[in-house]
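Only one chain is given next, in structure tokens, and it is the form predicted on its own.
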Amino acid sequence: MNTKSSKNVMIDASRIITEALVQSGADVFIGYPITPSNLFYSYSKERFPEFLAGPDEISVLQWMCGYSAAGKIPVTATAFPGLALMTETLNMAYMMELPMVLIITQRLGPSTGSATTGAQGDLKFLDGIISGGFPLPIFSPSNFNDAWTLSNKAVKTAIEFRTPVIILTSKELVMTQRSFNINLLEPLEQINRTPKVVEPPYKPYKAGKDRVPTFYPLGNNEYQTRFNASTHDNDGLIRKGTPESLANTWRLREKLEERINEYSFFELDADDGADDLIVTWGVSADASRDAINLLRKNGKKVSLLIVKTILPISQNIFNIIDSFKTVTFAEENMTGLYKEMIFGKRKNSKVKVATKFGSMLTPSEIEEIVN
């Protein structure tokens, strides 16, 4: 039983995510304003130990790489047009194995589209954003509680896996204020950044069984370290096509795929005996939760899967989906982008989509498709 007293405040997920990142140990916010991520910019000025206003999105991510290489955990927030400009540097950070957190607030596109209209349209771009199809951890909060806990997991994953991590949000979640009992939020763990024990000689890209090299920042007093965005060996030196350098590049995939269950999060509301499953993510989850209540009230047995680690997709998600006869995907985009990542574009008699473009999906619209 929850014995905490209530403390209801009007709040949005921008403030919750900002606070969670700071309490988790993020050091610096570097930003360039863009709608609908502007609230992160203003809240971060108040809360982060250090704040930098970049002249453009490319500079923002370049500066983040510098901070990360120096041992800091940098954070930024943007939307699709800004992310497009950051993409080359994001690939550099991925190859150099630099921990950092990027918040992406989805809005209606293409291009500048409608900056103040929500959407869930950036998923496929993110799926291929690292050249070569390498996986990138992407968390998507479905409500304020997720915004709090997944932000902590984002910092933890970035540090423990030495990788950029994305928090994928949407305009309604981060800009709409609602009454919320903040005492329901659990205390967060500040993520430990103590380097793992190293057996000399230290090599900056030599990994152990966990597939993640020990991180020592530039300027540390113990070891010489290097960061390299080109194909490199365990010493961080450019080597083209040697077995060691290619194995090092393969390791970037392996460290995230072999340990995927350590950072794969989802919520399954199982209804015993149900043949139908609704699969959803992000801002569409609230409408799906209400749809489930409507359907069950009318006697239909149906389960709900809310995916919170959107990418990479764990085998657990496939196993759950495969265990149902009929699956309905609820998303705010034209065709069901998450559905297409699971089943492709081919029609499948087992699969339905409840989608909406340009406005929010409603519970009754999901209920109608399921029925």
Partner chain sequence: MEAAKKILTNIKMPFCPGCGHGVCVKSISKSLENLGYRSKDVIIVSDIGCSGLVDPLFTTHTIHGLHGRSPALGVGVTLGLDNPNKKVIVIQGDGGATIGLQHILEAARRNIDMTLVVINNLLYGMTGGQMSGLSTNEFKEYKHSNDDADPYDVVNLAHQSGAAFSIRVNNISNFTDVLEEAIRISGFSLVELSSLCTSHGMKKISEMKHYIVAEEKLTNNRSVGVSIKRNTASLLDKSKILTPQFTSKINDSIGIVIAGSAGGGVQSAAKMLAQAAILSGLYATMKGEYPITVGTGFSVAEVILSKKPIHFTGLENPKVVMVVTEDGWNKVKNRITNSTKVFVDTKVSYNSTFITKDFLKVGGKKGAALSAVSYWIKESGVFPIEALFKVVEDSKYVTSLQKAIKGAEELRELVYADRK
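Numbering follows the first chain given and starts at 1. Because the structure is predicted, anything quoted here is derived from the model rather than measured.
Separately, the form predicted in complex with its partner chain exists; it is not shown, and the next lines address it.
Heavy atoms within 4.5 Å of its partner chain in the predicted complex are found in one stretch of 245-253, 119-127, 75-83, 171-179, which is 171-179. Checked against its partner chain in the predicted complex, the candidates 224, 131, 298, 192 yield a single residue with a heavy atom inside 4.5 Å, and that residue is 224.
For the options 104, 96, 136, 159, the one in contact with its partner chain in the predicted complex, meaning a heavy atom within 4.5 Å, is 96.
Shown here without its partner, the chain carries 109, 325 and 352, none of which come within 4.5 Å of its partner chain in the predicted complex through any heavy atom. The closest heavy atom approach of residue 363 to its partner chain in the predicted complex falls within 4.5 Å. Shown alone here, residue 342 lies farther than 4.5 Å from its partner chain in the predicted complex, counting heavy atoms only. Contact annotation for residue 263: none of its heavy atoms lies within 4.5 Å of its partner chain in the predicted complex. At least one heavy atom of residue 289 is located within 4.5 Å of its partner chain in the predicted complex. Contacts of stretch 224-251 with its partner chain in the predicted complex, defined by any heavy atom lying within 4.5 Å, are made by 224, 225, 226, 227, 228, 229, 230, 237, 238, listed in sequence order.
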